[in-house]
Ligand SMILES: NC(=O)c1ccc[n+]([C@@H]2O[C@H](COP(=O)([O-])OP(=O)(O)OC[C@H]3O[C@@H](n4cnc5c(N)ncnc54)[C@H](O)[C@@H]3O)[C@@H](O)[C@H]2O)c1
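Before any questions on how it binds or moves, here is one chain, the form predicted alone, in C-alpha cells.
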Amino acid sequence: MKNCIIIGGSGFLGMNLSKALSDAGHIVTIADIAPPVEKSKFKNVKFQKISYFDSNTLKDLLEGQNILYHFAYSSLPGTSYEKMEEDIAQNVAYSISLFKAAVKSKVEKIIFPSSGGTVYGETTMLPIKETAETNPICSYGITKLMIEKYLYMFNKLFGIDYLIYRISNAYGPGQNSNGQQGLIANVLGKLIRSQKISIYGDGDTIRDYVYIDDVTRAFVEGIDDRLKNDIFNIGTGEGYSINEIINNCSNIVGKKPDVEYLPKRDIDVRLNILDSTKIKSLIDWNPNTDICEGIKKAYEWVKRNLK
C-alpha cells in the first residue's frame, strides 16, 4: 500500500487512475484547481484544492506521499503552438518547481504521462520503439520532452526515481465529448447530437488508440520497483485512420456522420503507432480491449452523461 498523489488528477486520466489505485488498496489524493466531476463516486479518495503556481504549498502537499503522478498540464497538442511561451512558462517551469518540492518531501517516485503521439514527430519506422529519434513538430511535444529530460536530471542529481509513459491516444468512459482532445469521445458526442464532425486533413491520419482501463493498469503497475528510471510506450501497436474511427463510431451509434474536412495542420503527425514490447517484457501488461469493444463502452458513457 502506497500514499499516492495525483497532481492535476481531476481530468480524464486522473479520475480513472484514482479509482484504479483505490481499488488496488492504495491511499489516493487528487490535487487540482477543481474537484473531479464524479467526485461523489470515488471511495477512499481525498481531494485537495490547489493553485498550480503557488510553489509555497507544494512541499507541504507532498509530505508523506510515496508516489507522485504529475498530470497537471495547461496545453493541448493542437493549440500549444499559439502560446508557446506560456507552454514553457506554465508547464515546464511548474514541473521543475514540483520536482524540487518532491525531492525536499522525500517522494519515492515521480510518474509522468508523456505524449507518445507527439514526442517522436514524423517517422516511417512503425511501430515506434522507445529508441526512435524524438523530433516533435508541435510545442506540446517539445515541452513534454523537456520535462522527460528534467526528470532524468533530477534522478542523476538528487536520486529521486522516475517513470515516463509515452501514451498513445487514450479514450474511454470519463472523456469529455465536448472537449478539444479525444477524437472518439468527440465523434460519439457529435453523432448522438446529430452535429457536424470537423476534422483537419483528409481523414487518413493514422493513430494508435488505447482504452483507458489498459492505460490505468499500466500506471498502477508503475508503482512496481521493476519500472523505474526509464521510458515506456503505452499503446496497442495497431493504427486506425480518422475515417475508420468515424465509421466505427457511426456503426455503433447507428447514425450516418456529417463530416467536414478542414485544411491539414502542419503540427499533425501523419502516422503514429507505438511498440509497447518493452513494458510487456518486464511486467504482465497488455492492452486487452479491442477498438470496437472500447468504443461501445465509451458510447454508453457518453450517452449517459451527454450535456
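Values in this document were obtained by computation on a predicted structure and should not be read as measured data. One-based numbering along the sequence shown.
The same protein has a further form, the form predicted in complex with the named molecule, not shown here; the description that follows concerns it.
Contact with the named molecule in the predicted bound form holds for none of Met84, Ala89 and Ser139, as no heavy atom of theirs lies within 4.5 Å. In the predicted bound form, at least one heavy atom of Leu13 sits within 4.5 Å of a heavy atom of the named molecule. Residue contact with the named molecule in the predicted bound form: Val259 places no heavy atom within 4.5 Å of it. Contact annotation: Ile50 falls within 4.5 Å of the named molecule in the predicted bound form, judged by heavy atom distances. For Ile33, a non-hydrogen atom is located within 4.5 Å of the named molecule in the predicted bound form, even though that partner is not displayed. Site annotation in the predicted bound form: the residue of Ala170, Leu151, Val119, Ala185 reaching within 4.5 Å of the named molecule with a heavy atom is Ala170. With the partner removed from view, the residue among Gly189, Gly222, Pro113, Gly235 that has a non-hydrogen atom within 4.5 Å of the named molecule in the predicted bound form turns out to be Pro113. Checking 24 to 32, 247 to 255, 278 to 286, 264 to 272 against the named molecule in the predicted bound form, the stretch whose residues place heavy atoms within 4.5 Å of it is 24 to 32. Heavy atoms closer than or equal to 4.5 Å to the named molecule in the predicted bound form belong, across 58 to 73, to the residues Phe71, Ala72, Tyr73, ordered by sequence position.
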